[in-house]
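Just the one chain here, laid out as structure tokens, in the form predicted on its own.
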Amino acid sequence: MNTSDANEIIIKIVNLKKTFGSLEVLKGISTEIKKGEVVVIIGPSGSGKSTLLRCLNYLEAPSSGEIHFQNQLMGQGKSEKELDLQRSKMGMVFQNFNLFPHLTVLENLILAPINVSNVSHHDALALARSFLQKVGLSEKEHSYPRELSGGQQQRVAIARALCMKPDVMLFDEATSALDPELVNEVLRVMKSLAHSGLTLIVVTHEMGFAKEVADRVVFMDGGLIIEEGNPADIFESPKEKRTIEFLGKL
């Protein structure tokens, strides 16, 4: 993490709750994320990790609680246009790539900058090509998603999110749909982003990534944050019984 950003809070979450019908998925999450911090969220399936990410950029509207992003309240009372503007500063990479199959790689990348951020076609192309180079896929700009491996599609999805010049990147189990040999090529890109000073919030089962790259590890279970701390504290000397049980099964 950039030391000059060490005390600047970019996201503040206050008593966040989310229910789907009678199912309470998030039961009161409160935490703060600093600018430039890499936060890795771990925990068993069904613990609320992905729902938390989706609430952060209002893909899911929270049932109650508050999310402050860059000192502004997210969502509440905002028009769809204002919300889109907030959302554009929080890039998200999903488990299943979510690329448009009928568009080429380059067309996938320039769509949002042109339509959401009013970037010119010329500038959007330059931006897209610079991020394709960053993820090592310059030669694939005219390919369609079906012509790419899963790892290549996920790297395109990362480049697409970066084209919006976000201040925060959210990764929702970005490697879990990939064959094991393709996982490392995506993790390599994520590591380079972590070292670039961008704020990352990563939901993952890749514990090696968490140990190597995270500034802070958050362990969730049952819709709550059970324990959080630096990787050494969480992995080598966890305090909570539930954390110890979870890590013991890995």
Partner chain sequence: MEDNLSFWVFSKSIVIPRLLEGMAITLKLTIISGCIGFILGMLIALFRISRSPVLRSLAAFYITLFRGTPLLLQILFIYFAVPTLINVTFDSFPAGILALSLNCAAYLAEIFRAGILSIAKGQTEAARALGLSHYQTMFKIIIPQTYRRIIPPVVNEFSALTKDTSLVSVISLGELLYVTQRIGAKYLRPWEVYVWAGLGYLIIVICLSTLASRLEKSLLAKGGV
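What you see is a predicted model, and the numbers here were worked out from it, not measured in a lab. Positions refer to the first chain, counted from 1.
One more form of this protein exists, namely the form predicted together with the partner chain; it is left out here, but the text below deals with it.
Checking 23-31, 49-57, 191-199, 211-219 against the partner chain in the model of the complex, the stretch whose residues place heavy atoms within 4.5 Å of it is 49-57. With the partner omitted from this view, the residue of Gln133, Asn98, Ser120, Ser149 that lies near the partner chain in the model of the complex is Asn98 [heavy atom within 4.5 Å]. A single residue from the set Met74, Ala128, Met90, Val105 has any heavy atom within 4.5 angstroms of the partner chain in the model of the complex; that residue is Met90. Interface membership of Ala124, defined by any non-hydrogen atom within 4.5 Å of the partner chain in the model of the complex, is ruled out. Interface residue remark: Asp84 is counted as part of the site for the partner chain in the model of the complex, having a heavy atom within 4.5 Å. Val156 falls outside the set of residues with a heavy atom inside 4.5 Å of the partner chain in the model of the complex.
Though the partner is left out of this view, Ser176 does not reach within 4.5 Å of the partner chain in the model of the complex, counting heavy atoms only.
Residues are counted as partner-facing when one of their heavy atoms sits within 4.5 Å of the partner chain in the model of the complex; in 156-179 these are Arg160, Ala161, Met164, in sequence order.
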